[in-house]
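Below you will find one chain, with nothing else, as structure tokens; this is the form predicted alone, and questions on how it binds or moves follow later.
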């Protein structure tokens, strides 16, 4: 593959799933120039999905780290740990690290991801967690193993995965969710109701259509919360799971457009031809509308596409969005955009309570979800890939 312009120095800001996969994809595609992978964290790059699941129970770094240091060295990847990119100087085409070191680039990839949405005033409390990184997962797991009760604020994927782990560890779990349903707008209502009943059967208590109106703090701990109907809920551990925010500070510092994410075109290019962006932190056009996806698969797909573009490839980035969650003892897999409009739903059942939900807009299949039916999930992804793009 021939590069459009000489690219001999690539810097990747962010060493999560997308950053690591971009580096590996560049080498796999034959790129043999300088390659620097920069992580703000001091630990080796690692997977994030297990942080809310198995890693809570067994915090062995070997279970989540992508590779050992020798792997990066064997690929000629300079791995910079614990020294984040602090400044992007686009006219000079160089970045400055927190340590002051300056690294030039021909092409920069922003793989900055996203961070949890936080409740102001709770960040410094010892028993309150906004799960994001390995350290917070280790600390949360340690407290859950000693706790008798956990409160979850928010009924989204990550929070409910943590709730499942907490139940397994012997905690009584209470969930406060301001919407009428858990996982609203994320899965079909049939799936949301199924998971709600599964969690309740495992002892989880829910306060739906309720929000937290007051916090009672004692020392460095959150003692209890009060909901808007006056209910007081005490807990040993509190987890805030109210969504994520794209990490756009570095792009904004560089003077690149930011609007609900780092703005890129359908080739994952920013307005600067020497800067691409990938993963959970970007907003890109898909089927005629700007979207932001937050999933491991999107991080990997966008990483591969960006690597191809850097080396002179062409073609629009048009992924088939798909997601999964393990909670309440079952695996749920989704395909397509959860918000895709539809006017018809088909439900099919399998053995032992498994089922699938398919959504259609007219005759056009737009997505769906499966519970315990992996083959049907693969079929959904295949069918979505065959659907022509919306102009």
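Remember, it's a predicted structure, so these values are computed and weren't measured experimentally. Residue numbers count along the first chain shown, from 1.
What follows is about the form predicted together with a small molecule, which we do not show.
Residue contact check for residue 280: one or more of its heavy atoms lie within 4.5 Å of the small molecule in the predicted bound form.
The closest non-hydrogen atom of residue 299 lies within 4.5 Å of the small molecule in the predicted bound form. Although the partner is absent from this view, residue 359 stays clear of the small molecule in the predicted bound form, with no non-hydrogen atom inside 4.5 angstroms. Contact annotation: residue 158 falls within 4.5 Å of the small molecule in the predicted bound form, judged by heavy atom distances. Looking at 268-276, 203-211, 289-297, 234-242, the stretch with residues near the small molecule in the predicted bound form, meaning non-hydrogen atoms within 4.5 angstroms, turns out to be 289-297. When the small molecule is considered in the predicted bound form, only one residue from 328, 40, 366, 44 comes within 4.5 Å through any heavy atom, namely 40. When the small molecule is considered in the predicted bound form, only one residue from 132, 318, 117, 221 comes within 4.5 Å through any heavy atom, namely 132.
When contacts are defined as a non-hydrogen atom within 4.5 Å, all of 17, 84 and 250 contact the small molecule in the predicted bound form.
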